[in-house]
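Next up: a single chain in structure tokens, the form predicted on its own.
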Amino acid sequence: MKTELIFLGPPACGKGTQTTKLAEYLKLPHVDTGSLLREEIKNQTPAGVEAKSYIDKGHLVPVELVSRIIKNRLAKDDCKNGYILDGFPRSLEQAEQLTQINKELDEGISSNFKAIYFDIDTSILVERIVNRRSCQKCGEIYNLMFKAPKKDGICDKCGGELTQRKDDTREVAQSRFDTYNRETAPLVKYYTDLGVLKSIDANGSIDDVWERLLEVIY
């Protein structure tokens, strides 16, 4: 059975931390859309060159191009048993593209697709955002409130420097929530209607959320 998972939820709800942990646990590739796009651009692939042409002009990369890049990634051998997709879809248009991608790649294959919704009180998320730090070297994510590094400013995993994203401010956070509610939240209804949505309480510690996550995976 091929396992296909996506995570839905507002910014700073804990998706990133749990995605990395679950990928290791299930031995499935963690397909991070942002990293994937940056890699395509860095390697100057045809899709990467095309994507960069939009970014350089300050435009969004078209959904069709992002979908093509994702489809090529999900078609690789390491995804034959499934994947955990991070950062896509973020709109109904992207969700429909992913549904079509899975349909084409899973033809004749038994698959189990789930959209896991991280349900959380957004009033506490601003504090999570302003206290978030990430490693510049390996990408590990920390939070000064819930998952602080053993040594201030240093990654436990690789010893890299921890930094705060420039957009992790209260004002930017509120703007991101507004964007989420307008564009991404409707995906909850989309996947509910398809009968594949699983909701978990994302309040509490990392370990608490992890246990709840495992309960809906199987």
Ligand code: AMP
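From 1 onward, residues are counted along the sequence shown. Being a predicted model, the structure only gives us computed values, none of them experimental.
One more form of this protein, predicted together with the named molecule, exists but is not displayed; see below.
Here the chain stands by itself, but in the predicted bound form one stretch of 187 to 195, 42 to 50, 147 to 155, 164 to 172, 164 to 172, has heavy atoms within 4.5 Å of the named molecule.
Although the partner is absent here, Tyr83 is not a contact residue: none of its heavy atoms lies within 4.5 angstroms of the named molecule in the predicted bound form. Contact annotation for Arg73: none of its heavy atoms lies within 4.5 Å of the named molecule in the predicted bound form. The named molecule is not drawn, but in the predicted bound form it has no heavy atom within 4.5 Å of Arg182. Within 4.5 Å of some heavy atom of the named molecule in the predicted bound form lies at least one heavy atom of Phe88. Within 4.5 angstroms of the named molecule in the predicted bound form, the stretch 35 to 53 places a non-hydrogen atom from each of Leu37, Arg38, taken in sequence order.
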